[in-house]
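We begin with a single chain expressed as structure tokens, specifically the form predicted alone.
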Amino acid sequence: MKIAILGGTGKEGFGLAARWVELDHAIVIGSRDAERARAKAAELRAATGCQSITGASNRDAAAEGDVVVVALPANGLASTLPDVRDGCRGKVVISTVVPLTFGTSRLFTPPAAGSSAEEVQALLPEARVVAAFHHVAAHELSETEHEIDCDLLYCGGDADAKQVAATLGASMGLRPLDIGPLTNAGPLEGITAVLATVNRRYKLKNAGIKITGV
């Protein structure tokens, strides 16, 4: 499978790419700056020894990918996604975006749509959007020699698209748990703010979440 990661030069996107390329997926790193994307792809090839990694503009990456992962900053969705709409049409689009605002009194600041995933769906109406991978710390992803001790909570409106996200999560050792429709993405994204607070209070880097009784 070829996976395009929009915003793949950031820590979360880079970590997901590192995990998936070692599972024999081809990766296209996307960025507003195609040269920066190509440089980050070269860095990842050197780090992993895997050659099936390329870099491109976000628009070209979306067109190339079988699955598109949105790992952009929340405040960049409206300016970036309209340009990739054609490339995402009919595809599974996985939103990892969390609308956090650091340095303010309110860490979690969801958009008017209710969640970043719902904003992604509104901007990419022909795509099949799934919200997932919010709760896996970027450094946990990039340290590929270690297992990740975390469940994968995901939600969306398309059963087949959700299965794609679940399979990608299970392949990296996560237990996938379906938490319903995309309208549950707001609470799902908000858990990341809780984990960020736990990390800060207890001087951690890898707080995760597991659901008991399942």
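Owing to the predicted nature of the structure, the values given are computational and were not obtained by experimental measurement. Quick note: we count residues from 1 along the sequence shown, nothing fancier.
Not pictured, yet referred to below: the form predicted in complex with a small molecule.
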Could you tell me which one of 113, 123, 107, 74 places a heavy atom within 4.5 Å of the small molecule in the predicted bound form?
74
Check 171, 176 and 210: does every one of them have a heavy atom within 4.5 Å of the small molecule in the predicted bound form?
no
Determine whether any heavy atom of residue 80 comes within 4.5 Å of a heavy atom of the small molecule in the predicted bound form, and answer yes or no.
yes
Hey, in the predicted bound form, does residue 190 get a heavy atom within 4.5 angstroms of the small molecule?
no
Heavy atom to heavy atom, is residue 134 within 4.5 Å of the small molecule in the predicted bound form?
yes
Taking 4.5 angstroms as the cut-off for heavy atoms, does residue 32 touch the small molecule in the predicted bound form?
yes
